[in-house]
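In the form predicted alone, a lone chain appears below as structure tokens.
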């Protein structure tokens, strides 16, 4: 039987997948009452990913909603170049080129499974992605439940990662592009980035989750490179299993909020000739433990 959570007009309808719920009865262009915000947070803690369909949001609306969950993170520099004043917290995710210049970043190609900005000491706790234009097909976003990934991890793998950290490569983004100011380091043991526990504790729910960032150039300090590679390959094979995931098929006006502390995500490629325009905010997090 489908679980339904109601408070005032807020209804959360789980997707039936490993995570995710649709939130009904909320217009995010309007200020939210404390009771409505509390209901949304409860649904978020239970479902990890929330989808709000049929929204009509300005950047101010998007930022106001996102601030209900914490302090906003600055958008990456590449996304805010020539941005309108006051929009420094909104990242444009798009393949559209106007007057010979991209209006956003991440293009039309696949974005592999990843955790947003896990390569920094305090990764964002959440991201909110709002769709303005979407292609007829392709560009779907997958989300994977890292609570379940840890819960279902084979005992031998669980013993292999107990007490260990992973170094998260900072040189490339989720689309594989080399970031400005970084040099390519093909040896993962020389990766530059933050070290985080492979099993982290969620600061709100207290639950344990597998915490992975991006597979490329990840490294487990203290292990020979070959052992680190084999262990990480096994973890990624497990964490990317279809039964742990749910896929969002975008419509214009969708807003999706996900918990970066216990969810990985990816994006399917799509036709480069089609237009896809998204606006994204990030909410500051803290150091994983």
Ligand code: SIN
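Here the structure is a predicted model, which means the values were calculated and not measured. Positions refer to the first chain, counted from 1.
This protein has a second form, the form predicted in complex with succinic acid, left out of what is shown; the following refers to that one.
*Asks:* Can you pick out, from 141, 95, 217, 131, the residue that has a heavy atom within 4.5 Å of succinic acid in the predicted complex?
*Replies:* Of the listed residues, the single hit is 141.
*Asks:* Work out which of 258, 246, 52, 65 lies within 4.5 Å of succinic acid in the predicted complex, going by heavy atoms.
*Replies:* Only one listed residue qualifies here, and that residue is 258.
*Asks:* Counting any heavy atom within 4.5 Å as contact, can you tell me which stretch out of 28 to 36, 229 to 237, 44 to 52, 258 to 266 lines succinic acid in the predicted complex?
*Replies:* Heavy-atom contact with the partner occurs in 258 to 266.
*Asks:* Does the trio 106, 250 and 276 actually contact succinic acid in the predicted complex, every residue with a heavy atom within 4.5 Å?
*Replies:* All three within 4.5 Å in the predicted complex.
*Asks:* If you check in the predicted complex, is residue 196 within 4.5 Å of succinic acid, heavy atoms only?
*Replies:* Residue 196 lies outside the contact set for succinic acid.
*Asks:* Is residue 114 one of the residues lying within 4.5 Å of succinic acid in the predicted complex, judged by heavy atom distances?
*Replies:* Taking the distances in the predicted complex, the answer for residue 114 is yes, it comes within 4.5 Å of succinic acid.
*Asks:* For the stretch 51 to 74, I need every residue with any heavy atom inside 4.5 Å of succinic acid in the predicted complex, listed N to C.
*Replies:* Residues within 4.5 Å: none.
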